[in-house]
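This document opens with one chain alone, in structure tokens, the form predicted on its own.
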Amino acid sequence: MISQFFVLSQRGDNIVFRDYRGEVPKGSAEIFFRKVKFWKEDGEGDAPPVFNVDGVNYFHVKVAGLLFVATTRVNVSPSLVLELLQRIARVIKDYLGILNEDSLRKNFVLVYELLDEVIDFGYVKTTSTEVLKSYIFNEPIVVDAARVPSLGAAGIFMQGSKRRMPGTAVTKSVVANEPGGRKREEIFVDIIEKISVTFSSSGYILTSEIDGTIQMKSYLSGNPEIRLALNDDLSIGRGGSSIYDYGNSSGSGSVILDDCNFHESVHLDNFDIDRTLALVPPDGEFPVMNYRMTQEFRTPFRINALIEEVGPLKAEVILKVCAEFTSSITANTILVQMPLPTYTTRVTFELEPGAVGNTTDFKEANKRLEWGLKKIVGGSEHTLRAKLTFSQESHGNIVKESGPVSMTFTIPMYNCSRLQVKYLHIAKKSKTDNPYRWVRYVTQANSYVARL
């Protein structure tokens, strides 16, 4: 049960506000924003997703640069409210097509109509995009997608002027029609994997894990049945034994998942036989399958880091990043970070000859080295040298006072688990009915760390 729901811009402007129970003061939005904005003054970093001020519990998530906030005075489950905020953001995006400040302001009538159907007197009724279509009558005002940076994982396929895949899944409403009144029939399937890897100081892999999801977004009319086929050699459970007791899951497949779970609309009747998922997709975006993998896999990058003293008040850091995927794949938005000793006062950088699109910085406030690379082509190596100057001579081990090195990146059309969608079959109403199908892959770093 929540008392208020509101959405704030990055400047703190109140875009959407609903007071369901009248238990919390009207100035709660301003109190919340000031608390979040000045939280860092206490030296505690960013504000946590849940905190209490004067007996009012504030819950918030940040989506597409907007703050989605709920308040309550009673003791409720934080995870429940945070999940509710995420789902409200997803439902609004499904209906508006684009989730940003401009789209919210232009469609505030539709947004308030959605909120009135999702929440009644502080209690949740439904967050299903498909169910809400029966109660929503306002049409969305389409915002020009060309002026809006693409959002979400699918947005990575629209880097620069080249588009590897159509980006309509990101900026399309589930209720708006194409010009001329026709609805374009298409379905998007994204296999998104977030990987966590820890390397030892000698470069060996200490821990590795993949958290993956098969995300679907449907724009099909008539709710036809979908059949999604995965790898024939897919095994589930340690040693190939399935946690779902599928008889034929035994054996050592080349793709072995530790565990997985499915959306409620998925039927698993033939999954044991041919690894096919059957479902009638609801409107909007939803996860078809979530999975986890801790078996050994080929990591996309190797990180080598070396730090050594070169004088009484000086040291040198050498960072090397090696891309271990094929040259036909390109990673982008790479950022390498490394904490330095607290007595570091100055850092000078030396890039390899011919380096293009690299950025370097020394964050003096938290003593952190940052190295950004616009893109990395598979099979290439990149090196950075940094010369450190200290304010005092080290009385301990510089290596112990530095690191670890962490890395974030995004790799389109690549996945580490080798989980593949073999085919996507749609039950067609006629021979001329042939919807567009888009299957896309992306790998992102969750926790990619190398120890010194």
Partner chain sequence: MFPQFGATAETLSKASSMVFRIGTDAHLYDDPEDVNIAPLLDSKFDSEKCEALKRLLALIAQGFDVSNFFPQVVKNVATQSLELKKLVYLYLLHYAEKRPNEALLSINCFQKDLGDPNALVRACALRAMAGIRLHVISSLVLVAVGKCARDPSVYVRKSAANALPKLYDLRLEEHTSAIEEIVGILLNDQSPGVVGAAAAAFASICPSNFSLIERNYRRLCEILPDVEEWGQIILIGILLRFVIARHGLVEESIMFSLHSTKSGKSEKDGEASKISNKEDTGYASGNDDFGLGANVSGNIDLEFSNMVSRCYIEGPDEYLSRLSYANTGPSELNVAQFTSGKTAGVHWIMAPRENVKKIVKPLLFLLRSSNAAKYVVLCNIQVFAKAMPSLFAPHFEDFFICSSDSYQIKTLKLEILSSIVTESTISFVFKEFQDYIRDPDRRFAADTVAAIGLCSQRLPDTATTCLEGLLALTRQEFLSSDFGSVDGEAGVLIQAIMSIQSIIKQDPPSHEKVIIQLIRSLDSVKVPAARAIIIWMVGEYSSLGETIPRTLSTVLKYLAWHFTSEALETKLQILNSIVKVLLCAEGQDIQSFKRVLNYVLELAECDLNYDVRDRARFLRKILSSNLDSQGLEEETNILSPNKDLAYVLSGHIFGGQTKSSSPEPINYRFYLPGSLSQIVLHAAPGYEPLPKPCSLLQDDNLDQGTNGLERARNSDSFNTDETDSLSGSLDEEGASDYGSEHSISGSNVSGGSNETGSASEGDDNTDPLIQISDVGHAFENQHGVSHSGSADLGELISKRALESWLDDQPNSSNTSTSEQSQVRISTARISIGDIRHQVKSKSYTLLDPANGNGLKVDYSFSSEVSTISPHLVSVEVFFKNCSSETMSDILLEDEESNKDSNSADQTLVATDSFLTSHNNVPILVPMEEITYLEPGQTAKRIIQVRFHHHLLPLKLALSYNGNNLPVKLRPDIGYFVKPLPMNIEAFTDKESRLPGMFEYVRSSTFTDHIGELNKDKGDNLVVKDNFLVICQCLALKMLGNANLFLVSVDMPVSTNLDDASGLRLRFSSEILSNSIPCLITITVEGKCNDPLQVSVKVNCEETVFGLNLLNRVVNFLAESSLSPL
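Numbering follows the first chain given and starts at 1. These numbers come from a predicted model, not from an experiment.
Just so it is clear, the following notes concern the form predicted in complex with its partner chain, a form of the same protein that is not shown.
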{"query": "Heavy atom contact within 4.5 Å of its partner chain in the predicted bound form, the stretch among 226-234, 345-353, 319-327, 106-114", "finding": "106-114"}
{"query": "Heavy atom of Glu264 within 4.5 Å of its partner chain in the predicted bound form", "finding": "yes"}
{"query": "4.5 Å heavy atom contact, Ser173 and its partner chain in the predicted bound form", "finding": "no"}
{"query": "4.5 Å heavy atom contact, Arg18 and its partner chain in the predicted bound form", "finding": "yes"}
{"query": "Proximity of Pro287 to its partner chain in the predicted bound form, heavy atoms at 4.5 Å", "finding": "yes"}
{"query": "Sole residue of Leu335, Leu313, Val76, Ile205 within 4.5 Å of its partner chain in the predicted bound form, by heavy atom", "finding": "Val76"}
{"query": "Option touching its partner chain, based on a heavy atom within 4.5 Å in the predicted bound form, out of Thr389, Gln392, Thr383, Gln420", "finding": "Gln392"}
